[in-house]
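Next up is one chain by itself, shown in structure tokens, the form predicted on its own.
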Amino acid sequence: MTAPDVTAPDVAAPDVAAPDVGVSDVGVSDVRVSDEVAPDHRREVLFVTGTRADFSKLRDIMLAVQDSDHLSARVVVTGMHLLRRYGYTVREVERVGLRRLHLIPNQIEGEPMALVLANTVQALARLVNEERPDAIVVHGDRVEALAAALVGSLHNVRVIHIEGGEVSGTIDDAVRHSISKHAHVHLVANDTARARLLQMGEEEDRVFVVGSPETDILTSPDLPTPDEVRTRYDIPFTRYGVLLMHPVTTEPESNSTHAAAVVDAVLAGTLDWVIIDPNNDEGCADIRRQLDRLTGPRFARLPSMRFEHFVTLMRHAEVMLGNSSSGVREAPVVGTRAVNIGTRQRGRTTAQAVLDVPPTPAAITAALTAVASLPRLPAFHGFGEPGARKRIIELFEGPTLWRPTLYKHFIDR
């Protein structure tokens, strides 16, 4: 599903070994919580992060809630964050200064998504039953977010869903919309997403248009320099494309073929490439096997990146290639053109910077050639203007977000 999508990679820690996680460990909460007790007047907000993608969007909100005089934050860290292959990115969560962390291993390599969902529901249900937060905050369309939304609604705990009402393609759509039906409050990126939620029967006073939280980082002037990024990640070239290819869970028979087409097109060209590994959805092994063909001085391959470093990398790239949401959501904000492959992000954006092509070597090669001769574009803000973090925190600290009841009515429209 959507992950670094890099909507965004967020941590590079391939040299950090993760603890071995066995089947017997799944569902156990390794709680790292300080001895401090939140004052009674503070609302306790439980965030759930499972990927490098959602953490990049939730991070600043988590920190603002943690520092608030009216709120208190806990963070469940699960999913890809605790897998060695993906850089053990829990280190990034710890690094930013979040203090009340619950580590929940919910999978071992290669476990099916349905079992990952079951593992996560079991562990979160026990945690929520014990801690009884005032709200659970989830983002996007991952199974960890679905598990948290299920647990929250069944425990009568307010569920706040960030960036619902969007189309993602494949199984992600079903997961995202399922989360929305279990959520009590929706913080959406734009009016289009709001209209979809209203079409799904949601009440108007539950839906707030705040913009996408990542836009604040994408437009920040305080990002690493290109030289700092190249040094940190040992990228030897200055002119490059960025390749991100994820499995399409509803097209398992095509993942290898489509990835092979992308790799064939890249090998046929002369541009250097930074390659970021796929997320852990079913079919990721097929993608990785094709990416293994990209070796030599033209290629730098990474398991993940810190989001700010990824933004700088993307800002200065010649092109984004693949089927990640970063190509259709983030690249247009920084003016970088994207060649989007296949159906995974179908219908998700109208940005001029995105060129949709079928997954064939000829079509991909032609698109890359065409993009190479085109100028960069001005920022596209179809997913909201900067300032989302401030708007979200104002809602958390004010009364409006907490006003809708936990009993939802379906509105026929």
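This one's a predicted model, so the numbers in the text were calculated from it and none came from an experiment. Sequential numbering from 1, following the sequence displayed.
Absent from the display: the form predicted together with uridine-5'-diphosphate (UDP). The rest refers to it.
- Within 4.5 Å of some heavy atom of uridine-5'-diphosphate (UDP) in the model of the complex lies at least one heavy atom of A53.
- uridine-5'-diphosphate (UDP) in the model of the complex is not approached by H186, whose heavy atoms all lie more than 4.5 angstroms from it.
- Shown alone here, N106 lies farther than 4.5 Å from uridine-5'-diphosphate (UDP) in the model of the complex, counting heavy atoms only.
- Remark: V76 does not count among the residues lining uridine-5'-diphosphate (UDP) in the model of the complex, judged by a heavy atom distance of 4.5 Å or less.
- Annotated contact segment (heavy atom within 4.5 Å of uridine-5'-diphosphate (UDP) in the model of the complex): 318-326, selected among 113-121, 95-103, 318-326, 153-161.
- Proximity to uridine-5'-diphosphate (UDP) in the model of the complex, taken as a non-hydrogen atom within 4.5 angstroms, holds for one residue of I276, A338, A147, V137, which is I276.
- The partner is not shown here, and in the model of the complex the stretch 371-406 never reaches within 4.5 angstroms of uridine-5'-diphosphate (UDP) through any heavy atom.
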